[in-house]
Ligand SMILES: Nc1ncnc2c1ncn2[C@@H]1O[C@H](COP(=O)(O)OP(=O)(O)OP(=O)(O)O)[C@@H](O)[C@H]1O
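Have a look below at one chain only, the form predicted on its own, in structure tokens format.
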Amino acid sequence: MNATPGLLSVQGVGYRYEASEWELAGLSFEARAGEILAIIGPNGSGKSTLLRIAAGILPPRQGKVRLEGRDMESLPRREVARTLGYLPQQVQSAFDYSVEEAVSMGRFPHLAGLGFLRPEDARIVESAMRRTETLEYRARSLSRLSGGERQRVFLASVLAQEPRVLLLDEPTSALDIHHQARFFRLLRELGGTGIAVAVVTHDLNIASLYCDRLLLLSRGGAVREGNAEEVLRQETLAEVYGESVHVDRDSRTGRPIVLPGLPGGTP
């Protein structure tokens, strides 16, 4: 796939939480048009922190984030929201909206005047619900949904923004295997339209099968970036995750697949 760099550029960012020795140090990546980047690594490696910096939620203590070539810190949040969609691990709603109301909120950055939906906005909202398989319960309240259903509703809201850059933090953690596969196939479709996607995931096999590039983090730093063949190496993963792993190959796709080692540490 020919990728156009520069939709979102994270350049040498660092961050440290108060009263903590843990530090995110000098990390860089690009979210490129038409590509899916997987950000992987063990717990505490800095994946979610890095994504929050990329989304403009956390200000970096060093480095820059550029959105379409412009310093994100200088851009109004409404303008950022027209271009960048961010879905955190957990989304809380203070009100028990209906599914359609929750998804419609994704159109807010594009609305003018009193903020009423135009026919085109309503069409985009309905399309987002259809793509995330939430259209059938558009009138149901959020409190009547399962965790996986709510996650798909909030994804639909982000898609309704029509972002050019999509940042997702563990978006399939509450989904069953059917909806995980559907979700990542949807990301492939979005990539085909020129959207840049960066997704945090613990599932190394999902990252291998569906993502163009992988960025492996450990202890707040980058270990390796590249395609699945370059990153998912047995010796690298064993060192980062601190336990025995076995890297094999999927017979259908030829992509690497990662399996836990056998009891006793044998690969």
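Residue numbers run from 1 along the displayed sequence. Only a predicted model underlies this, so the values are computations on that prediction, with no experimental measurement involved.
There is another form of the same protein, the form predicted in complex with the ligand; it is not shown, and what comes next is about it.
- Looking at the ligand in the predicted complex, residues G56, R77 and Q161 place no heavy atom within 4.5 Å of it.
- In the predicted complex, K47 approaches the ligand with a heavy atom inside 4.5 Å.
- P42 belongs to the set of residues with a heavy atom inside 4.5 Å of the ligand in the predicted complex.
- Proximity of E170 to the ligand in the predicted complex falls within the 4.5 Å heavy atom cutoff.
- Under a 4.5 angstroms non-hydrogen atom cutoff, the ligand in the predicted complex has H202 among its neighbouring residues.
- Checked against the ligand in the predicted complex, the residues R66, R213, R233, R52 give one hit for a heavy atom within 4.5 Å, which is R52.
- Contact annotation: of the candidates S146, S127, Q89, S141, the single residue with a non-hydrogen atom within 4.5 angstroms of the ligand in the predicted complex is Q89.
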